[in-house]
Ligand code: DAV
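Quick setup: one chain, the form predicted on its own, written in C-alpha cells, and binding and motion questions come after.
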C-alpha cells in the first residue's frame, strides 16, 4: 500500500491536507480553578474559573465559537479537504476515580489529544483531570481509522493523584537556580500531543506543564528508531503546547515567536532554514483570553506549502506570510480564542499527501 492510499498518513505540518478532524464546543464545561490551571492560565482570568468552574461555558460563548468552527469546516471542504467531527459528550458529568473526581472540559481541541505520525494515531494521556475522558469523543472516529488499516497507540492513563503534581510549584517560582520547574512531576507518563511538532523524520517537543520526560520517552520508544525526537526549551514562562512558539511553515522556513524564542535556542537542525519572526498580535491581550496568551495568532493551519488559514484580524501576520511566498486565507476565529486555542488547536491532521523524509540534510 503506497502512502497516498492510506486512510491515515501525515509526517509534517505542511504537506497537502486531505483529511482533518475539527473539534466541537458542544457541552463544553469550565474546569474548577486548580494548580494545573494556575501554571498556564493568565492570572487575570482566575475570576472566570472561580465563577463558572464546574458549569457549562456561557451559552453565548458556545454559540459564537460553534459558528466559527462550522465556518472552518465549510472553508476546508471548499478546499477539497475531508472533515470529520468528534462526538459531543456531556462534559458536565463528573468522572470519578479512586483518588479524585472532576467534571470534563470539551472536545474542542483535537490537536491536544491525538497526533498522527506516519500511519499511526497516538492518543495522548493528558495531564489535567478535567481532560481524562476527552479522548472518548474521538473513539468512534479512531476505531473507524483502525478498521481502515491505521495503527493505533494509546499512551497509558496516569492516576493523576495528588502526588503526581508538584505541590510547591507556583507560577512565580517557575525557575529555580536556572532550572525550569513544572506543575507535573515525573511519577507517571504525561504529554499533550500539541507539545510535539513534526518535520518528517525529526520531531521536536518541549517539556511543559502538561508534558514530562516520561511522556516524551514513551513516544520516542513507541514510534521507533526511524524518527529522531529532539527536546527543546524556550523562554515561555508558562509552557503548554509548542504551536504558538515555533511553527515549521514549509521545507526551509520556520516561524518563531520573538517574545519567547532566542536565536540561540532554535534547534541546530534549523541552521540552514530561513527564520521568520512573527509579527506582534493585532488583537490586544485581554480578559477574554482565559486559557491563553495573545500569541494564539501563530496558531494557524497550513493547507499545503503555500496556503495557510489565518485569523482574519491578523493583517500584519498575513502580510508577513505573503512577503515570504505564502497565500494566507483569512477566516473569523476570534470568538474561539476564549476556549484556549485557535485554528491549529481546533484541528488534527489525519491525512496529508506526501512521503516520510528528512529535511535536515
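Computed from a predicted model, the values in this text were never measured in an experiment. Positions refer to the first chain, counted from 1.
A second form of this protein, the form predicted together with this ligand, is not displayed here; the remarks below concern that form.
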Exercise. Though this ligand is not shown, can you say which of 25, 11, 20, 345 has a heavy atom within 4.5 Å of it in the predicted complex?
Worked result: 345
Seminar exercise, completed: Contact with this ligand in the predicted complex, heavy atom within 4.5 Å, among 292, 302, 29, 39 goes to 292
Exercise. Can any non-hydrogen atom of residue 240 be found within 4.5 angstroms of this ligand in the predicted complex?
Worked result: yes
Problem set entry | Proximity of residue 218 to this ligand in the predicted complex, heavy atoms at 4.5 Å | no
Exercise. Any chance residue 296 has a heavy atom within 4.5 Å of this ligand in the predicted complex?
Worked result: yes
For this session: Decide whether residue 260 counts as a contact residue for this ligand in the predicted complex under a heavy atom distance cut-off of 4.5 Å.
Result: yes
Seminar exercise, completed: TL;DR on 76 to 84, 274 to 282, 178 to 186, 241 to 249: the one with heavy atoms within 4.5 Å of this ligand in the predicted complex is 241 to 249
Exercise. Which residues from 58 to 94 come close to this ligand in the predicted complex, meaning a heavy atom within 4.5 Å?
Worked result: none
